[in-house]
Ligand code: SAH
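The chain that follows stands alone, in the form predicted on its own, written as structure tokens.
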């Protein structure tokens, strides 16, 4: 099977394409013009276009299914060339704004959640993706292709920036090499030009890999899927916690290099009767003491057969109020796409059931 050219950084292409300036031209065609055929790269010599088509494919995936929410959220299921599937989500964070004369004042703002693996090794008890186990890592090009496909499908111009969050299917730090490569490709000014500061790596807490990512000094933000304030509950929710407990995660976060103007995001999935009480809020304040943190409270999104329930709005707000009163910046994440297969793995599961 031919590799995808999207696996290549511009520097790597410049080493295999002569003269090296052709690599920049290829990047422009791929990421600014969204071409999906080497013959469309008209400023390249025909012999080079032929050689590229012999050596590479461009898109390593295609849209298998998608669902559109009333709030504009779009959930995608992509089919890879080996028949495996992964999910991505396009979130419309702000609508485009127009003046009274119809002129565009502000463009719409988007965030894309991308997958880094087919399946996942972490095995979180609340996650539908975990039910299918782990199959394989995605290549850097398969990660990049998700964003490219979403931009193309929604006619989002190349110069329109968006934010990327690595929090789809899979544990990003479990695929660190390809993750780092994808970050570099996204950041390239001749490509999608999505600066590292617009990219956030969301991890379940592989503490040793947090240190490795920090040592790379890529400039990305980090978000920790904490979800619990004691190791007993966290080990129930995230079995990996037995090897990477809360204390080791907190210490790794303290070592992670962050922009002085930024905060470390802590994702806290609120589950009714499990971690939504005042005692948990109090322990969370203690746990994050001394860290420039922001806590993002997330409603648990139930799915058929799930063991857990969605918390009440009153308990969510009381939890938030306690954290804010005790000095923590805290937000409640809006539940986007609640009317579609919003929870990670739901669309994949639905399509599998329909095929069966």
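Since the structure is predicted, the reported quantities are computational estimates derived from the model, not experimental observations. Numbering follows the first chain given and starts at 1.
The form predicted together with this ligand exists for this protein as well; it is not shown, and the discussion that follows is about that form.
Trainee: Classify residue 227 as contacting or not contacting this ligand in the predicted complex by the rule of any non-hydrogen atom within 4.5 angstroms, answering yes or no.
Mentor: Looking in the predicted complex, residue contacts with this ligand include residue 227, since a heavy atom lies within 4.5 Å.
Trainee: Would residue 269 show up as a contact with this ligand in the predicted complex if we use heavy atoms at 4.5 Å?
Mentor: Taking the distances in the predicted complex, the answer for residue 269 is yes, it comes within 4.5 Å of this ligand.
Trainee: According to a 4.5 angstroms non-hydrogen atom cut-off, is residue 171 in contact with this ligand in the predicted complex?
Mentor: Taking the distances in the predicted complex, the answer for residue 171 is yes, it comes within 4.5 Å of this ligand.
Trainee: Evaluate residue 166 for contact with this ligand in the predicted complex, applying a 4.5 angstroms cut-off between non-hydrogen atoms, and reply yes or no.
Mentor: Contact check for residue 166: yes, within 4.5 Å of this ligand in the predicted complex.
Trainee: Counting only non-hydrogen atoms, choose the one of 207-215, 121-129, 243-251, 278-286 that falls within 4.5 Å of this ligand in the predicted complex.
Mentor: Residues of 121-129 come within 4.5 Å of the partner.
Trainee: This ligand isn't shown here, but in the predicted complex which of 52, 330, 41, 298 has a heavy atom within 4.5 Å of it?
Mentor: When this ligand is considered in the predicted complex, the option within 4.5 Å is 298.
Trainee: Let me know which residues along 191-212 have a heavy atom within 4.5 Å of this ligand in the predicted complex, or say none if there are none.
Mentor: Result: 202, 203, 204.
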